[in-house]
Structure formats: structure tokens, C-alpha cells
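Only one chain is shown below, in C-alpha cells, and it's the form predicted alone.
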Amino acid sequence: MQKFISQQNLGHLLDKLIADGKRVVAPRMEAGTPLYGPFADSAGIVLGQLPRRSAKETFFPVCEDIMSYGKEGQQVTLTDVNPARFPETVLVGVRPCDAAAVPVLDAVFSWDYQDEFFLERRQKTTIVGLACTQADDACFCTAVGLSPADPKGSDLFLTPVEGGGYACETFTEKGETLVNSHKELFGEPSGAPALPLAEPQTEKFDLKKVKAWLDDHFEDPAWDSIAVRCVGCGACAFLCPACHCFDIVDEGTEKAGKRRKSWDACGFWKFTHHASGHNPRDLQPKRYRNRIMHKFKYYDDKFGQTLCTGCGRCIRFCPVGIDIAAIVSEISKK
């Protein structure tokens, strides 16, 4: 289904969704930084910039309680968090690099274990994607086979057009339901040409060649030079729309506490630290090797796709200037 929505009517749509009790999440400015977050009204929406953090925390929060416990005498009480309480959500203004990561996460959280926390939020969320008209030096979605107008992962996709407003196209039943429930705000396609799309400059990777090299070079001296600057801060994993490692810990006292799920990162020294004291990834090059291997080999081995959407956040905000696109490009030339 193809439609048109004006900028003004997009605001009206968001306000109506909020009035109807939906949780609307969209890019907004917080202390000068664009971030995805819930809105009370459409006034503060910011669609012109890629948010600092990805949209994955809409489905996979940085930290959440999954159970609580209490003990009185010899009686222990366990109380599960009920995912059914998660609200219906509309996630708006999602860049193609963020939306494309959602099906990547779907595969992980519904593979050998059905993660009801992720899947309940996923089932209740409608994703409204937005084509990119700007890219910076860190963007490389085209290098991993995506594009600034790729609707992958979106239920409804918006493309800015000349003269203002957006061309709309639905790709799922969720997208059609959203449009059909607010028909008065959508018009027929205007025929206006789309605004020029962003043009990331990184040359497309030969991902098959990259994987072939990784298949045969688990032990290679190149890893020492590739990872020499990595300080293991984990920023790359936390900002990545597709990284999904987490840890589960019990926090509290003998009398009461909570079991919590929190993001983790393979760049951390303790990530693979065994109770015995042994650590199979005791040095940073081994940990950075795992990051590259996971994204361009292990995930492909298991799910047949790459665990990177080229958003560029790990390049843009790496404190020591590590450029994963340059590393993968170099590997593809070996």
C-alpha cells in the first residue's frame, strides 16, 4: 500500500496514537543529544539526525528486572515479571540501519530459547522506518548490502519528498493496520520526487571473501595489530543496533532482591572469565577478534546473515578511533 502523509499530519498521527494510549518512541533531543525515547506529544520529535544510541533498547532494554525474590523465615517467594504488561508501542523515525537490525535480533531471541521479554515487546511494536538523506564519514550501510532507503525491518516506511511530507509504503500487516486506522491523515501518493538519498562513501565489502578469510585465520598475527588500540570500553557493542550480549545477576540481600538482565560486551575482560580463573580471551586482541568473528563469520554460520548494518556508531564514538569498516575492507582485500 502506497500513501502520502504531510509533516503536519505525521505530528497529528503521533498525537492521536499517544491519546489512544499507545507508547510512541521516536528520536528526541535529550541534553543536546538525539536519542530514541518515549514522547508525551509530537512537539519534540527530531527526525533530522541519527540518534546516538540505536533503537534496540525499545525491545532489549539496557537493564531490566526479570524476577524478584523475598525470604521470610524459611519461606521463599519468587515473583516473575509479567511481559504481558508491556505496552503497545509505535517506534517512529527509525533509520534503515537500525530497522534492519531488528530481524537480526529476532533470529537470536527466538532461536534455541524463546525470550518472552524481547518477543512480547517485538510483537507489540510497529516500526515506522525513515529513509536517510544525510550520511557522514562513519556511515557504511551500503558496504554491507543495505541502503539509505532499505525498508528491511520496517512495517511502514517513510521517504521524504520534495515540497515536504513523506511518501509512505506499507510492508506488513502491522503497517497496513496503522494506516487504515488513521485513514483521514493519509492521502494518495503525491507523485513528488523523493529527496536525494544519503550516499555513504565506503566501498561495498565482498562479504563472502571476508568470511572466507575469517574461516581460515582464527590464529593470525594480524589480530595483534588490528586490536592494538582497543581499550575494551564496550562502547562499540552498547551503541551497536545488532549486538545483543547480556548478563543475568541477582542483586539484593538474603531477605529480598531482584534478578536483572543487563547488557554486556565481548570486549570486556570479565566477559569470558571462568569461575576457575581461566580466561580463554585473556588478551584484548582475542576479544576484538571475537567481535569481528561474531559479526562477519559466527553469526553468518548460524543465521546466514551479517551481524552488522553499517550504522557507523562504533566508528563515530570509539574513543581511540578504531574503524571497523576500514578493518573489514582490509580483510576483504587479503
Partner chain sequence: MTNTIDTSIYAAITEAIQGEARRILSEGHVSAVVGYAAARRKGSAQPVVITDAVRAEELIFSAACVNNLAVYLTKAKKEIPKTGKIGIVVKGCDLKALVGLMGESQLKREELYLIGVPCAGVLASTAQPAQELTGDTIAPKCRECDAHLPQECDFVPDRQPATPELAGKYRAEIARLEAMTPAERWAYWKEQFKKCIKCYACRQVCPFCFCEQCLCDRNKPQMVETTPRPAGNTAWHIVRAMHLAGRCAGCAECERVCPMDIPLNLLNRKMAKELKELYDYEAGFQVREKGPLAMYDEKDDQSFIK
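Everything numeric in this text was worked out from a predicted model, so none of it was measured. Residue numbers count along the first chain shown, from 1.
Beyond what is shown, the protein has a form predicted in complex with its partner chain; the following relates to that form.
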{"property": "Contact flag, residue 302 vs its partner chain in the predicted complex, heavy atom cut 4.5 Å", "result": "no"}
{"property": "Its partner chain contact in the predicted complex: residue 62, any heavy atom under 4.5 Å", "result": "yes"}
{"property": "Contact flag, residue 251 vs its partner chain in the predicted complex, heavy atom cut 4.5 Å", "result": "yes"}
{"property": "Non-hydrogen atom contact residue 262 with its partner chain in the predicted complex at 4.5 angstroms", "result": "yes"}
{"property": "Heavy atom within 4.5 Å of its partner chain in the predicted complex - residue from 86, 109, 213, 238", "result": "238"}
{"property": "The single option of 10, 25, 315, 17 touching its partner chain in the predicted complex, heavy atom within 4.5 Å", "result": "315"}
{"property": "Stretch in contact in the predicted complex with its partner chain, which is absent here, among 131-139, 153-161, 95-103, 179-187 (heavy atoms within 4.5 Å)", "result": "131-139"}
{"property": "Members of 209-246 lying within 4.5 angstroms of its partner chain, judged by heavy atom, in the predicted complex", "result": "228, 229, 230, 231, 232, 233, 234, 235, 238, 239"}
